[in-house]
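Given as structure tokens, the chain that follows is alone and in the form predicted alone.
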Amino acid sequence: MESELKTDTGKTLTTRSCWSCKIEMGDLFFCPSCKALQAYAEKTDYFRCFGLERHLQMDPEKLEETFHDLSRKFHPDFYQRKSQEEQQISLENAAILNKAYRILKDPMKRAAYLIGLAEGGQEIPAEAPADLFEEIFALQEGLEEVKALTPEKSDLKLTLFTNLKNTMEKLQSRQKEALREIEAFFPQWDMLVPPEKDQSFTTQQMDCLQKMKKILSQQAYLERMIKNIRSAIGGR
């Protein structure tokens, strides 16, 4: 069970009891007394899975190195002769770690996850970029025309497919631009993260997150449109 301890400086530390020997311990992977493997703490977010602050700027090579190190620590093969409890913990920890790595290694998913932490896990809605309304309207018309095509209209089909592919390339270029835009906010966000592990979000942090959320909302819409095009042209 987790509990919180306030230090003299006001910093909050997470403590819990070892499931095996019941001693009070910090947020560690192995009990310092009986050496039993510990499950990730109940409130552990994906950043803390890797022992990281909630920073958005990350060294991908270092993240991967930590991932492989922790994967070895949790690998079920090492616990085949351990207790049933530790075998189950190793499986659960490995599953959480794998999911955390998939999220944190992707800049867009990393930012979206952080926004979810701040907003209680709400899904980011898709929002069409205002400056692409004309292209999107033309795209939707093109998709409807493709659905209505008959086999004998092969020439028109080729033209429509070419137009859709050109539109898809434009949307993919816009996606790359969106990635650059959101990564530009990462240094600003990291400066707002306090050195202590305070899990609350300040007004300044929420303002920064809302700006990133708008970009992610448009990114989600672009991704949906690209999927629609791929479906319509059959992967061409």
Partner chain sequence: MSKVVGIDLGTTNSLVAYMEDGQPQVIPGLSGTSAVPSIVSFDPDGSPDQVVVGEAAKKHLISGSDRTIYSVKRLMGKGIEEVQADLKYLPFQLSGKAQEIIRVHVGEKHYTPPEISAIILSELKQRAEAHLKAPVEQAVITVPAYFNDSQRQATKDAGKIAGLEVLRIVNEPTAASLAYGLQKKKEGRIVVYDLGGGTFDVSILKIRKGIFEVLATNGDTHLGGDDIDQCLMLFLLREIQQQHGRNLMDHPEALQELRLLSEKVKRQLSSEDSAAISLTLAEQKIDYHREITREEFEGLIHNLVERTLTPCRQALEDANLKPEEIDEVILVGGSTRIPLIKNKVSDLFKQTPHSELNPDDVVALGAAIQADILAGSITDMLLLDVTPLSLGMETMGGVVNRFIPRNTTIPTSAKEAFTTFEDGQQSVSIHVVQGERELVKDCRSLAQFNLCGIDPLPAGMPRIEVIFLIDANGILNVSAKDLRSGKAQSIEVKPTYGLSDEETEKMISSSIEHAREDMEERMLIESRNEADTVLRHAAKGLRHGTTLLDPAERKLIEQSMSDLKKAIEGSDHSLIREKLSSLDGATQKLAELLMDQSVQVALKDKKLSDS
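Positions refer to the first chain, counted from 1. Predicted model, so just to flag it, every value in this text is computed and none were measured.
There is another form of this protein, the form predicted in complex with its partner chain, and it is not shown here; the text below is about that form.
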For this session: Report whether all of L192, Q204 and K211 sit within 4.5 Å of its partner chain in the model of the complex, measuring from non-hydrogen atoms.
Result: no
**Message:** Considering non-hydrogen atoms and a 4.5 Å limit, does its partner chain approach A94 in the model of the complex?
**Reply:** yes
Find out whether any non-hydrogen atom of N166 is located within 4.5 angstroms of its partner chain in the model of the complex, and reply yes or no.
no
Is F161 part of the interface with its partner chain in the model of the complex - any heavy atom within 4.5 Å?
no
Whether Y101 contacts its partner chain in the model of the complex should be assessed with a 4.5 Å heavy atom distance threshold; does it? yes
Heavy atom within 4.5 Å of its partner chain in the model of the complex, from candidates F67, F186, F47, Y40, belongs to F67
Among 75 to 83, 126 to 134, 110 to 118, 139 to 147, the stretch whose residues bring a heavy atom within 4.5 Å of its partner chain in the model of the complex is 75 to 83
